[in-house]
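Single chain ahead, written as structure tokens, the form predicted alone.
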């Protein structure tokens, strides 16, 4: 191999060695490990091996990184509801589709969803994410209520409580699921459907 070829093959550090998605992935990992508020820009540049100016080439601030990560998770979850509504006329089928889809988003976007679930409303970016989460919950609760009227879910459980029970189980997956592990994401969605809807099903 020539000297030029060796130089071309060698890994590069600094801004040319990272694209925006890679910077985002590392930053989200650091946020999840140490907490967003406890993470400084210096912590991010140290983890990335970048200068501050190189980091700011990709994102204008730490808050901008957080916003992109949270929007990634929320966009995926909102799309699941949009698709379910567009594809299924019955609320019962919409709900099943939402559970499967939400599990898929969680397992495919585990770091960003984990970050979303830890948001507490510190700052405008987090407050905006919480507003979107509430709107998502309200949409799903409306579908659960409609599924109750259709007879899928028992009517003696409040629709909002049923929604919290379903998503409590889905969201708990971030604590133990590991990508590439023995648990198949598609089968996990079916397991959660059986564990939640079977218990809530009308008798």
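Just so it is clear, the structure is predicted and the values come from calculations on it, not from any experiment. Positions refer to the first chain, counted from 1.
Heads up, the form predicted in complex with another copy of the chain isn't pictured, but that's what we're talking about next.
K.L.:
Looking at 45 to 53, 66 to 74, 31 to 39, 135 to 143, which one sits within 4.5 Å of another copy of the chain in the predicted bound form if you count heavy atoms only?
P.N.:
Looking at the other structure, the answer is 31 to 39.
K.L.:
Is it the case that 106, 110 and 116 all touch another copy of the chain in the predicted bound form, with a non-hydrogen atom of each within 4.5 angstroms?
P.N.:
Judged in the predicted bound form, none of 106, 110 and 116 sits within 4.5 Å of another copy of the chain.
K.L.:
How about residue 57 - does it come within 4.5 Å of another copy of the chain in the predicted bound form, if we only consider non-hydrogen atoms?
P.N.:
Close contact is absent here: in the predicted bound form, residue 57 is far from another copy of the chain, nothing within 4.5 Å, heavy atoms only.
K.L.:
Please determine whether residue 191 contacts another copy of the chain in the predicted bound form, using a 4.5 Å cut-off between heavy atoms.
P.N.:
Contact with another copy of the chain, yes.
K.L.:
In the predicted bound form, does residue 172 have a heavy atom within 4.5 Å of another copy of the chain?
P.N.:
Although another copy of the chain is absent here, residue 172 would touch it in the predicted bound form, with heavy atoms inside 4.5 Å.
K.L.:
Using a 4.5 Å heavy atom cut-off, state whether residue 165 contacts another copy of the chain in the predicted bound form.
P.N.:
Residue-level check for residue 165: yes, a contact with another copy of the chain.
K.L.:
Need the contact residues for 101 to 122: heavy atom within 4.5 Å of another copy of the chain in the predicted bound form, sequence order, or none if there are none.
P.N.:
Residues within 4.5 Å: 118, 120, 122.
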